[in-house]
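As C-alpha cells, one chain now follows by itself in the form predicted on its own.
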C-alpha cells in the first residue's frame, strides 16, 4: 500500500512538473493566479470599507440616486429642475463633460495640426509666432489658462443691457459677460425628413469615396469627390428642407430687465473651459504633428515636387498620410488628457460630472465612496472608449508592409 501511494505521489508530481514546464500552460496558470489575487484584494478592500462605514453608522448603497437633488445646474442639455433626482443631475453633469470633451478634442485637433505645420513653415514670422505660442502655452499650468480666460471673458465683455444695443449681430446674436446668446431652433415634426436626408448624404459620401478610389486605382479616372460629397451632405438636405416647407422655428433671445430671455446661451464658464483646454492641448498636438511630419523622409518631398505637385498638396496627399502612423499614438494620450483635465471645470463653476455627482451630491448625501466610485467609473469608461476608437483608427491607417 505504501509503495503504491508513493508511486501515485511521484506520478502526480511528475504531471505537475510537466504542466509547469509547458510554456503555454504556465502562462495560463500565472494569469489565473494573478486574477484570483486581484479579485481577492479588491474583495478585501470593499469588505473592509463596508465594515468601516457600518461602524460609523453608514451603509453602502446607491439609494440616494432616486432622491431629489435639490440644487440647480447652470447649464443643462436636457430638461432639469432642482426637484429632479441625483441620478438625473449626474446625467446632466455627464452630458456637460462629454460636450466640453468633444468640442475640445475637435478644436484642439484643428489648431494643433495648424500649429504643427506652421512650425515647419519657411516663413520666419509664422514659424516664430507658432513657436512662442507653443512654448508659452505648454509651460503654464492648464488651470491658470482656465482662470485667465474665464477672467478675461467675465470682466472684458459688456453687461447684457449694453450688449443688447451695442454688442449684437442683426439683433439675433448678443455677446455679454453672461454668455453668448443666440436663437434657439424649435423643430417641427417634418424636420426629421431633413435629418434623414443628412444621414443619407453622409452614408452616400462614404460609399462614393470608396467607389471613386476604386475606379481611380483601376482606370485612373478621377471623379470630383469633394463637390459630389458637398452636394450630398449640404445641397440634398437643404433641398429637402425647402420642399418640406422649412419646418423649423427660431426662439430669438430678448433683453428683459436684467438679462436676456429665450434663445440659447453659451455660458462664459463653458467657453473659458473649452478654449483653455483646446489651446493647451493644441500646443502639445502641434509638437506631435511637427515630429510626425519630420519623421517622413525628405526624399518624399523631393519626389513629389519633381512631379510638379504644389507644397500644400504634397503635405496633404503624401506627407500627412505617412506621418499619421507616428502622430496617432501620442495624439490618443492628448485626447485622454484633455478629457480628464475637464474635471478642473469645478474651479470656475462649470457643472460637469465632478461638480454634480462628485461635488454637490456627495456633500448633500454623505455618500463619499459611492459617488467617487461613480465618478471614477465614468472617467474610466470614457477613456477606454477614446482609446478603443483611436486604436481602431490607428490600425485602419497603418502602412501595410509586404
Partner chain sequence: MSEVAQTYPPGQHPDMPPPAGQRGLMLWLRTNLFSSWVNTLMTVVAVYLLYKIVPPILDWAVLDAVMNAANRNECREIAQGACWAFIKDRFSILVYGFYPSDERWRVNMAFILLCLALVPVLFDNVPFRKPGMIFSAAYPFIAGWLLLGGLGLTPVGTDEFGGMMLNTVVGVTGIAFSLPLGILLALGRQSHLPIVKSCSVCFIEFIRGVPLITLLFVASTMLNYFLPPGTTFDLLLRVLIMVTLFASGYIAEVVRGGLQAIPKGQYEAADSMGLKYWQSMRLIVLPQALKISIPGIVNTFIGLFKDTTLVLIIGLLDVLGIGKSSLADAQWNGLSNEIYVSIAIFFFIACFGMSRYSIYLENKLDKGYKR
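Heads up, when I say rigid core I mean the largest set of C-alphas that superpose within 1.5 Å between the two forms. Computed from a prediction, not measured in an experiment: that's the story for all the values here. Numbering follows the first chain given and starts at 1.
This next part talks about the form predicted together with its partner chain, which is not shown.
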- line: The stretch from 233-241, 81-89, 105-113, 128-136 that lies within 4.5 Å of its partner chain in the predicted bound form, judged by heavy atoms, is 128-136
statement: As a check of understanding, the residue in 262, 151, 329, 321 with any heavy atom within 4.5 Å of its partner chain in the predicted bound form should be identified as 151
query: 123, 216, 256, 297: which sits within 4.5 Å of its partner chain in the predicted bound form by any heavy atom?
result: 123
- request: Given its partner chain in the predicted bound form, answer whether the residues 31, 343 and 346 all have a heavy atom inside 4.5 Å of it.
  value: yes
field: is_contact(residue 303, its partner chain) in the predicted bound form, heavy atom dist at most 4.5 Å
entry: no
query: Is there a heavy atom of residue 191 lying 4.5 Å or less from a heavy atom of its partner chain in the predicted bound form?
result: no
message: Taking any heavy atom pair closer than or equal to 4.5 Å as contact, tell me whether residue 37 reaches its partner chain in the predicted bound form.
response: no
message: Whether residue 246 contacts its partner chain in the predicted bound form should be assessed with a 4.5 Å heavy atom distance threshold; does it?
response: no
- prompt: Within 46-72, which residues come within 4.5 Å of its partner chain in the predicted bound form, counting heavy atoms only?
  reply: 48, 49, 51, 52, 53, 56, 58
- request: Would you tell me if residue 59 moves between this form and the one not shown by 2 Å or more at its C-alpha, with the rigid core held superposed?
  value: no
message: I want to check residue 40: does it shift between this form and the one not shown by 2 Å or more at the Cα, with the core superposed?
response: yes
